[in-house]
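Just the one chain here, laid out as structure tokens, in the form predicted on its own.
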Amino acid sequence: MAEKIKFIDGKLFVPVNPEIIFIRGDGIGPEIMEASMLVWNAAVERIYRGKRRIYWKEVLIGERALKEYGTLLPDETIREINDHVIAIKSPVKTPVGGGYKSLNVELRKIFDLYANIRPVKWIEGIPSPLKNPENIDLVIFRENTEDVYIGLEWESTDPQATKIREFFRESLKVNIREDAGIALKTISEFATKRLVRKAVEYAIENNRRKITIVHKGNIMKYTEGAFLKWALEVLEEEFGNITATGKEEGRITFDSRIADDMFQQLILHPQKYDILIAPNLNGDYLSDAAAALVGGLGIAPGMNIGDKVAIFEAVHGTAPDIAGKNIANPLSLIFSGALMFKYMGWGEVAQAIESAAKETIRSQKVTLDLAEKLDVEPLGTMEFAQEIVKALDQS
């Protein structure tokens, strides 16, 4: 019988038969979810031999929810995710226009998923634009609730924008063009410090040795500059016993980089970086750029973590142009599931999934996106998943 995952005394409690929320998503979402579940269930069975198992419970978000409930994000879905603590999702589509807000942003706000965490590591056999892609092995921590993603913006013709322009002109003696749209960027001490704490905890648990704060504080001194200041306060004052600015034996070292410089550092000297911590917008850019260096968003896993809820997701879009054609690459979602199992404390399952997927890729058994680059015959979405399951069975 299924049991719910819970937090008890601030710690995650995972039963042997947990019920986990999943969202099929839109576009290619249902296809990659079916393929991923085949791999996840096989890995759990391979490791635990029936002593543990996952019970899956579906909820709706996006286009399917709109058709059934008349809303993109039903209250029932919110309740179920909150009640089950962990969810995993395929990409969902937010309709363009009509005043709809990004569903991913809404989920992060509702559940206060303040840490977007994106591991980036090259897998042997995947083509890369870098000469030495094996040098990339880093984790990006992106603040998930503030910066321009707070969603406070006004169209240039909005009456509220007119009031804001008048306030700036009359009270602050600052002129804003009449045809300018306006967005509010906020970065707070509270949000910055809890993100940095989460990153340090991750570094300790995963034996990571260096943290780099990425910011644009040379230009935006009271937002991104403050982000750097508050991050350093956490590192120096709260974790001073285990951190250092130099290469002291046994300590986690830390430094900082201007955001634009960090992009070239990723290409020129990726081996020098381990954990990157960035505000929302910079972290968004950096995550996708780093993923491109190791094969693209099609293989990049991601997770959004708060203090009580965690949502794991494929980081790419719904790709409606290839939906239903059995050619989509499910690796982003498969690897996001591996992250989920690590978070649950089922590390053996995560390791089995990653090893089997890597062996399958090394054997050049891949979906169309990678097959074209490798000049090999492509596998369909489900056929690729089945090859990973075969690799699981042979391990």
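In this text, residue numbers run from 1 along the sequence as written. Just so you know, these numbers come straight off a predicted model, no measurement behind them.
Missing here is the form predicted in complex with a small molecule; even so, the following discussion is about that form.
- Stretch-level contact check against the small molecule in the predicted complex with heavy atoms at 4.5 Å: of 322 to 330, 358 to 366, 46 to 54, 344 to 352, the positive one is 322 to 330.
- In the predicted complex, the small molecule stays beyond 4.5 Å of every heavy atom belonging to residue 84.
- Residue 212 falls outside the set of residues with a heavy atom inside 4.5 Å of the small molecule in the predicted complex.
- Interface membership of residue 89, defined by any non-hydrogen atom within 4.5 Å of the small molecule in the predicted complex, is confirmed.
- In the predicted complex, at least one heavy atom of residue 28 sits within 4.5 Å of the small molecule.
- Note on the partner interface in the predicted complex: the residue among 93, 165, 216, 198 having a heavy atom within 4.5 angstroms of the small molecule is 93.
- A heavy atom within 4.5 Å of the small molecule in the predicted complex is found for one listed residue only; from 145, 243, 104, 223, this is 104.
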